[in-house]
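A lone chain, given as structure tokens: the form predicted alone.
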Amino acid sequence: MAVKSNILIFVYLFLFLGSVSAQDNTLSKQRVTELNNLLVQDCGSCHGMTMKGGLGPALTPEVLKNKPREFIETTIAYGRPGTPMPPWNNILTRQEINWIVNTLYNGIKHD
């Protein structure tokens, strides 16, 4: 079963990275605020408001430092089948997912 999950993750990673197109790297201040709220509220509802874990695993910089960014990006984009982790690729752009991953690796700043 673990091998099947790993194969699915690599397929998702291939599809996700293969679909990347050139985008403007600038997000508006309003969108950054919205994405920060999404992280704290939506992601925080499973991963904990401070990302220290809950229903979902911890997503702190310490936990993520040895995990490949592409793995985290793919997980956000396509979710994890068989778990409560939903896919966000229909709601978020690649650029927005990248912003979320950067924020997770750097630590969330609570306002």
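Residue indices: 1-based, along the sequence shown. Everything numeric here is computed off the predicted structure, so don't read it as measured data.
Only in words, not in the display: the form predicted in complex with heme C, which the text now covers.
Peer 1: Within a 4.5 Å heavy atom cut-off, is L27 in contact with heme C in the model of the complex?
Peer 2: Result no; L27 lies far from heme C in the model of the complex.
Peer 1: Should P84 be classed as touching heme C in the model of the complex when contacts are defined as heavy atoms within 4.5 Å?
Peer 2: Result yes; P84 sits at the interface with heme C in the model of the complex.
Peer 1: Can you check whether K52 is within 4.5 Å of heme C in the model of the complex, heavy atom basis?
Peer 2: The answer is no: K52 has no heavy atom within 4.5 Å of heme C.
Peer 1: Evaluate W99 for contact with heme C in the model of the complex, applying a 4.5 angstroms cut-off between non-hydrogen atoms, and reply yes or no.
Peer 2: No - in the model of the complex, heavy atoms of W99 and heme C never come within 4.5 Å of each other.
Peer 1: Only counting heavy atoms and a 4.5 Å limit, does any residue of 55-94 reach heme C in the model of the complex, and if so which ones?
Peer 2: Going through 55-94 in order - heavy atoms within 4.5 Å of heme C in the model of the complex - the hits are L55, G56, P57, L59, K67, F71, I72, T75, I76, R80, T83, P84, M85, P86, W88.
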